[in-house]
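Given as structure tokens, the chain that follows is alone and in the form predicted on its own.
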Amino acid sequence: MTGITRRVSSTLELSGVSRFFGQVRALDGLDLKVNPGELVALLGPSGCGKTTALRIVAGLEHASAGNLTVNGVRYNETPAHQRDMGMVFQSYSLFPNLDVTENIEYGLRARKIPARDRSKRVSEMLALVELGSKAKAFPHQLSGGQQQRVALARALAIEPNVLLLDEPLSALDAQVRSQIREEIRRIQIELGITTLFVTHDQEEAMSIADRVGVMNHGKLEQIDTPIELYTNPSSPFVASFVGLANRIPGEVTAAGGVRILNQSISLSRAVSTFAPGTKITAIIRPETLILTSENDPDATRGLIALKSFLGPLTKLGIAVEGSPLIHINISSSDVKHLEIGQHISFKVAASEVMAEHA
């Protein structure tokens, strides 16, 4: 712990926020509340509206409709420099002609904070991001991870109401990205700062956020804890976008279930209104498929076409007639005897499945 005094955290709320660019709706009636001290990640494909939402919060874009409030105060017309938002960009955006100390204190100088107070705050920030030895280094003398830490320290130095993170890790390599995201979460928890994090990387979102909002075509499809999003997706889009999923053809039965492979399984309540006989595509997690005996009445027979070692798990790709390659995740200790070209039997172990029209 650094001994930095925690501010009272803010509540950030967007109500019915839309943003139009001509005929294009980048945001379509977004309702989102980020509670005090919470880290919420907005996740989705390119063009889904997540960055537009962040830029509206920052004051870099204006909402076409709806309201933005912080602690109940409307911010729609408040200029960006008066919002007390700390923003970290994908490209770091450090000043190349300023050293680390000068970069961190830039916002403090703009607010005319006295020199003694600036020095104290910069020291606190350097300790927080563990870069005390780099105080006089220039950006070009730092690694990508170090530059991003400086950008984070600069954003936090002004003691913002809300911390905004716009794809902050995408320019880093995989190992550094993992380290920095853990640092961001440590610092966010330590300061208790309300944070909105935008990313297209589901691993980033799921690993550090209190809640994750999945966006699609300007709308928030679902917002929930990472485990709820994964285990109880509210739509086929969320089921497909969050985590890996097989897409297996099937047909809705008269009993309100679905026939896939050689099994009849219940449909998720979210899609239970499909009419009997409807051709669908079932969305099934690799870990819900298990190996079984060929004598099992629910078994499907397939040929191992792919075997990928992933440490504790091995991914098998099973070729089955009439279906795309089906992936199964199995404990690596249980598949040592299995080889490419070998026939195996498997079945779905889930009690219900998500599905969409074929």
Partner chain sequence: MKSGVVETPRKTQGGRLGSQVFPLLPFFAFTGYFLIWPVLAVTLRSLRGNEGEWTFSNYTPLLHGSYLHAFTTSIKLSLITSIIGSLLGALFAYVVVRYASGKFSAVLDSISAVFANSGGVPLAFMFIAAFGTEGLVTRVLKTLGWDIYAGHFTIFSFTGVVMVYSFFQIPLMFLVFKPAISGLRKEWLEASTNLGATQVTYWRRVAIPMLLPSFFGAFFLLFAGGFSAYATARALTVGTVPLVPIIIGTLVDGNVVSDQQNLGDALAVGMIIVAGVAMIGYVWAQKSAAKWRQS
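Positions refer to the first chain, counted from 1. Everything numeric in this text was worked out from a predicted model, so none of it was measured.
Here the subject shifts to the form predicted together with its partner chain, a form of this protein not shown in this document.
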* Structure fact -> Note: its partner chain not shown here; in the predicted bound form, the stretch from 222-230, 154-162, 250-258, 280-288 having heavy atoms within 4.5 Å of it is 154-162
* Asked: Using a 4.5 Å heavy atom cut-off, are L94, A110 and H140 all in contact with its partner chain in the predicted bound form?
  -> yes
* To do: Consider the chain as shown here, without its partner, and state which of M87, I184, V212, I193 has a heavy atom within 4.5 Å of its partner chain in the predicted bound form.
  => M87
* Structure fact -> Checking A135, I189, L244, L98 against its partner chain in the predicted bound form, the residue with a non-hydrogen atom inside 4.5 angstroms turns out to be L98
* Asked: Does L60 reach its partner chain in the predicted bound form, with heavy atoms at most 4.5 Å apart?
  -> yes
* Applying a 4.5 Å heavy atom distance criterion, does A80 contact its partner chain in the predicted bound form? -> yes
* Within a 4.5 Å heavy atom cut-off, is H327 in contact with its partner chain in the predicted bound form? -> no
